[in-house]
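Just so you know, structure 1 and structure 2 below are the same protein chain in two forms, each on its own as structure tokens.
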Structure 1
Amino acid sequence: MREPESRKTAKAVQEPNKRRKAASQEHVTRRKILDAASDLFRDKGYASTTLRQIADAAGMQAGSVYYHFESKDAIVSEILDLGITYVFDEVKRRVEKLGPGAEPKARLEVAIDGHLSGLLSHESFLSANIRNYGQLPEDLRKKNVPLRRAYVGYWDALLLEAQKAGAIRADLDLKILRLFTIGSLNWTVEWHKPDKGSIEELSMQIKSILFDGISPVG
């Protein structure tokens, strides 16, 4: 007996819905694992964190973690990439929103805004990244290198453009300036307290220090 057309149509509609639901649930579970792991890596360090601890913090069995990630290394590798991606995407979004005709200094200013916003909105991912990168096995660090270089290259281009436009002194070494700027921004994750001031207020202070200096005017 042939299957009624109405039933075939219903199945055709239901199958994509089931796949979307399963994919959504998998995404939620993976995110739960990553959130728990980033908190542990931030607080305990990579070497002292076990998969069982990650599973316990995520409220699931260790076997369930293995279903989504083959190892602790796979988890930390994704956390490293996500930490930079959150910041990189926010910086690019804000710079691109200004449009191609924007002043180079304005592009630098919104890049600082974007870096701080991406950083402090995903604090545990970036803090885990900053605190653990140096202690990770070399093969794990290497996987994260291309993304790090891409972000560094983006900043190098912004700084060079600003220097050529006269917004940065010609005698300054741009590599040192980039290391100082990004390093300073990154470490705000260790001391910034939301109840002591907003991200926007913090960004304004940092931009004032960078562009205007610390000496009184006049």
Structure 2
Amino acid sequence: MREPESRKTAKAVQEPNKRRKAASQEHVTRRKILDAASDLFRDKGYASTTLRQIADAAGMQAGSVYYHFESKDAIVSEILDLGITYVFDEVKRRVEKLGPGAEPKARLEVAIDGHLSGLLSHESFLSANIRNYGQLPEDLRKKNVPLRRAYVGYWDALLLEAQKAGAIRADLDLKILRLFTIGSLNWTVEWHKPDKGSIEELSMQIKSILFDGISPVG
């Protein structure tokens, strides 16, 4: 079994430079497993993905995975959290880059860009989350709930400030709007092909539909 805490603290006491290669090896392999697993989970689903497939894609035997993770559940649990975290960070980063005095509508726009970019770019963690979350056993879902709540809370705040500032129609139910917005973004993983058009262009089209609707301006 693994004792990361005791090992890492022991390491810190000793020379840090000598151990660097060996210490980083575990992180690299962990990452390889997570990458391989998230791809497989997204494409075939959690239940249909075997540990042998994960291990194979990560270049090792099935039993070796258990040196880095205590179970298959632990892998998917970490992927669920990473998926939200990456996209949340990317969205926050873009919103905060606008500065504190930015227009609420502009903040909403870059949030959409960030979510879509984090969802469709190289990282398949959020895609794996979206496609598997609803079908996972409840105890696995529960552990992901706090992060999910924090993320939708961030969106709710963005939408509320936009509505207060008059950038969103006052008659719209914000909860439905949030679900509709994130939902239509999330759904793009079901059909978006990276070779057909850039993410930026897709994001522009979706923002256009979302803000102005499909009816011609009257």
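Just so it is clear, the structure is predicted and the values come from calculations on it, not from any experiment. In this text, the rigid core denotes the largest set of C-alpha atoms whose superposition between the two forms falls within 1.5 Å. All residue numbers here follow the sequence of structure 1, with the first residue given the number 1.
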Of structures 1 and 2, the form predicted alone: 1
Did S48 shift 2 Å or more between the two structures, C-alpha, core superposed: yes
